[in-house]
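Only one chain is shown below, in structure tokens, and it's the form predicted on its own.
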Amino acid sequence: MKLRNSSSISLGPLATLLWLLAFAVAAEAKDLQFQAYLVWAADAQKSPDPTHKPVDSEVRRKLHELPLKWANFFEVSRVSLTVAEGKSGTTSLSDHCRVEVTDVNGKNVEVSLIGKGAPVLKRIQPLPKGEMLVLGGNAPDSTGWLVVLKRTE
């Protein structure tokens, strides 16, 4: 009479389970997606630069909710930015303006503005999907510049 080794385990289901667990962990690690806007703010009805267009309605609504002194907002540029989990991403909005976004802990982002090659400001805060962060400052002739960062995913 032959004895069967009953201690042998089939690796097929175990391998499938391990693959599914690895896939679930990878699915949890999402990249953060953003739209970054460089906005010129003024009281003028039109921008002197014909390439500028009024900001879209969602951004305009957000800017009008804030206590800003300007009546009109014009989009200078818009750039998509992807930031890997726990990493940083940088994009240029113009020759003089860059924005760097860092995923701090999966809940907060650190946003750094660089103007003319020098750090302008840094801010850390939560930025949930669909929300916008607005940063900026004054410019000549009672105008201003703003960077609007919207989380899109």
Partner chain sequence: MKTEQTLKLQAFLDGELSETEARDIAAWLARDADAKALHNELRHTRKALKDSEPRVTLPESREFYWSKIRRDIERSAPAPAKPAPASPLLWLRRLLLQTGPMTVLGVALLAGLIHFCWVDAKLGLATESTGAEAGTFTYHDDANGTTLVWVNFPAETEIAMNTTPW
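Positions refer to the first chain, counted from 1. Bear in mind the structure is a predicted one, so any value in this text is a computation, not a measurement.
Missing here is the form predicted in complex with its partner chain; even so, the following discussion is about that form.
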property	result
One residue of Lys30, Lys62, Lys87, Lys53 in contact with its partner chain, assessed in the predicted complex (non-hydrogen atom, 4.5 angstroms)	Lys62
Close approach of Ala44 to its partner chain in the predicted complex, 4.5 Å, heavy atom	no
In the predicted complex, Cys97 touching its partner chain (heavy atom, 4.5 Å)	yes
Contact test in the predicted complex: Pro48 vs its partner chain, heavy atoms, 4.5 Å	no
Gln125 within 4.5 Å of its partner chain in the predicted complex, heavy atoms	yes
Residues of 117-138 having any heavy atom within 4.5 Å of its partner chain in the predicted complex, listed in sequence order	Pro119, Val120, Leu121, Lys122, Arg123, Ile124, Gln125, Pro126, Glu131, Met132, Leu133, Val134, Leu135, Gly136, Gly137, Asn138
